[in-house]
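First, one chain by itself in structure tokens, the form predicted alone.
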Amino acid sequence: MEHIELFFKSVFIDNMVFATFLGMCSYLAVSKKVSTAIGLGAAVTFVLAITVPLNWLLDQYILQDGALAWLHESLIDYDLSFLSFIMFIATIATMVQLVEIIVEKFSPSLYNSLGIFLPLIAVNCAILGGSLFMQSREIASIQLATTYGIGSGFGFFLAILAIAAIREKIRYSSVPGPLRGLGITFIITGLMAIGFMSFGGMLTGGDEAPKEILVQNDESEKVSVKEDEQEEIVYEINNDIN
């Protein structure tokens, strides 16, 4: 259940494009055709699915304060967290080179259509953001880190595929001249981001405990009111006796 919740949260609620607006450069540049959008989205998903768990291992066993204790007890005081950016980017760049080699080998047409944006995945802020969010949110296990990486990549894939399909359709629509191109794309992206914000209440279940607390508070208030009324009655009786 935890994996399913994290997956849907990373896809819809914490979407890389519509929630944090990361990776907008390639999102806007490669979303003119559905075919290229699918290729880039699949590449980003693959890179995130591999780099997020790898960077989780680096963070847990090398970068965190005292993470080197597994090597020797004398290294427990070392903190290498200042190397997070360098280590994360090195891992991402290695995987991007692997993806570039695979795409060039098996799909030269896709490789040519993606152009410079395929090697630029190495410096795509959505890829680095996935690892940094994993680190800041302190994901507990490598399995959850893998789920988060796949979900974040699928969220980017869903976003770029949706905007590419819309841009192919509006190409034949009567869009006002000043809004053609990036203008209408920004407007559609903003509207889609507002739509994705509505998913924020999708995982807000489990309110039983707060309701029980409210009931207990109401009962305690009722008891206190009754005690105040009894004290007033006793005070009035004493006054009458006097």
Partner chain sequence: MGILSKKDRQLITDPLSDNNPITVQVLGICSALAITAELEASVVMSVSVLFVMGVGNVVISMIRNIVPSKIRIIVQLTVIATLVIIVDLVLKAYAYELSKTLSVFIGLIITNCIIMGRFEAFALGNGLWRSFLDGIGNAFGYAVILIIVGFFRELLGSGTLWGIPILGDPIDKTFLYAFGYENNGFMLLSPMALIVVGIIIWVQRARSKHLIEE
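Residue numbers count along the first chain shown, from 1. Here the structure is a predicted model, which means the values were calculated and not measured.
Separately, the form predicted in complex with the partner chain exists; it is not shown, and the next lines address it.
Sort through 158 to 166, 144 to 152, 69 to 77, 88 to 96 and report the only stretch with a non-hydrogen atom within 4.5 Å of the partner chain in the predicted complex. After filtering at 4.5 Å, what remains is 88 to 96.
When you measure heavy atoms, are 22, 123 and 182 every one within 4.5 angstroms of the partner chain in the predicted complex? All of them do, each having a heavy atom within 4.5 Å of the partner.
Should residue 193 be classed as touching the partner chain in the predicted complex when contacts are defined as heavy atoms within 4.5 Å? Although the partner chain is absent here, residue 193 would touch it in the predicted complex, with heavy atoms inside 4.5 Å.
Using a 4.5 Å heavy atom cut-off, state whether residue 136 contacts the partner chain in the predicted complex. Looking in the predicted complex, residue contacts with the partner chain include residue 136, since a heavy atom lies within 4.5 Å.
Please run the contact check for residue 28 against the partner chain in the predicted complex: heavy atoms, 4.5 angstroms, yes or no? Close contact exists here: in the predicted complex, residue 28 approaches the partner chain to within 4.5 Å, heavy atoms only.
Residue-level contact is defined here as any heavy atom of the residue lying within 4.5 Å of the partner chain in the predicted complex; does residue 128 satisfy this criterion? The answer is yes: residue 128 has a heavy atom within 4.5 Å of the partner chain.
Can you work out which of 197, 34, 62, 42 has a heavy atom no more than 4.5 Å from the partner chain in the predicted complex? It is 197 that has a heavy atom within 4.5 Å of the partner.
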